[in-house]
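Form predicted on its own, single chain, as structure tokens, below.
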Amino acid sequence: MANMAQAIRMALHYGEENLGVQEIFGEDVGPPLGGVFTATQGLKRAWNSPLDERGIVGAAIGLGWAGSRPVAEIQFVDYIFNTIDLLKLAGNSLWCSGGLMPCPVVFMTPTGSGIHGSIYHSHSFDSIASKIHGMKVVCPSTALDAYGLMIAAIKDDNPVLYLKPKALLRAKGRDLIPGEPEDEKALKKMIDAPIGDRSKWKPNWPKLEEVEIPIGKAKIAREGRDATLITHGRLAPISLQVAEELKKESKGDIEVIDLRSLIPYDWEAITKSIRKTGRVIFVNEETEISNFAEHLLRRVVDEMFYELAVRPKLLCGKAVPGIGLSPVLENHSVPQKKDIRMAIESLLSEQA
């Protein structure tokens, strides 16, 4: 099975061959590295930009306005903060022009913690991204979702911020991407560059098929009846693992919803699940103040108050200025598996 980085790479290859992607660029995106996480390795349209995030975003916007469909990468989401005014411009352009100036750009960037990258390589961007109106925001948690969401992002006429969880980029998928070989060693030999001299290396791409996961459509990662857990990105597979363990131990049957898209989000899936279970907890690694899930929680209270059995809960990162380098500090700042389990058990134990 492909890992997430390979899945993104194959989706970008499909995009440059079939969907009109002419430019894939960013810091170290082109040869020989093919991106810090190798998500652009071997792509014929990939090239290295200067170390200038504002230049990358500005060039991508110009290309989008000119009719191209570029994919621009910011090497880490931690470096994207100085481009917010330009991202706002990209998000506003279709609305401000009365529909005359679409900006079909994919802004791709690794997000979140889990790699012990300290304050410059561990940020999340969910909450700020959700406030850039006009920008669609997606965040996959599996290789197949990463492939399908990238295809959808490339085809979309709106700018899409594609957040790829840093800690999941080497995580193997459970489902085959249509066209990839079943043997992961065979896939690696086909599309992973060798160590050492790569000057003559060229990938041997599998015959891939188009898989489009609609932006704004959540996934029921696990069905359950006792409580609803809503999450995305890096914490989705961890939450799923906790839910499976609790079920095995006969301590609760948890429904896990993987949002996949933050903007637009799948309100229908959220409300349908909560009506079934009556209990809900939102889990993410953003800091607790102005957390994106606070909006969802507020809307649940406003619109579903009398359908709740107990108060809704939020488990998220602590309000600290950054993530510490020490694993002890990182694990204390961002929800871990044990924290998710304790929060679910607390939710289940609360009297209706």
Partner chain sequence: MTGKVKTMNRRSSDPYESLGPELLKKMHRLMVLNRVLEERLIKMSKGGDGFFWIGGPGEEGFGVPLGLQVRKGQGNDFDYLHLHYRSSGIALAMGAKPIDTIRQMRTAVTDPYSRGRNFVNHYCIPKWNIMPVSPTIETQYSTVIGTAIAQKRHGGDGLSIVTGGDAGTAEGDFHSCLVWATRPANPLPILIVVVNNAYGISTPWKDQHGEGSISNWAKAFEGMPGKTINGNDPVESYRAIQEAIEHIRKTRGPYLLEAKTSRLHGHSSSSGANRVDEVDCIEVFEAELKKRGLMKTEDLKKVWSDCQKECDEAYNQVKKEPYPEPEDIWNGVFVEGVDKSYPKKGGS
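Quick caveat: nothing in here was measured; it's all calculated off a predicted structure. Positions refer to the first chain, counted from 1.
In what follows, reference is made to the form predicted together with its partner chain, a form of this protein that is not presented.
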Even though its partner chain is not shown here, does residue 17 get within 4.5 Å of it in the predicted bound form, heavy atoms only?
no
Does residue 298 make contact with its partner chain in the predicted bound form, using a 4.5 Å heavy atom cut-off?
yes
May I ask you to check whether residue 95 falls inside a 4.5 Å heavy atom distance of its partner chain in the predicted bound form?
yes
Please determine whether residue 59 contacts its partner chain in the predicted bound form, using a 4.5 Å cut-off between heavy atoms.
yes
So its partner chain isn't shown here. In the predicted bound form, which residue out of 249, 197, 157, 183 has a non-hydrogen atom within 4.5 Å of it?
157
Though its partner chain is not shown, can you say which of 134, 203, 278, 178 has a heavy atom within 4.5 Å of it in the predicted bound form?
134
Given the stretches 206-214, 221-229, 183-191, 99-107, which is the single one in contact with its partner chain in the predicted bound form, using a heavy atom cutoff of 4.5 Å?
99-107
Taking its partner chain in the predicted bound form, which residues of 31-47 have any heavy atom within 4.5 Å of it?
45, 47
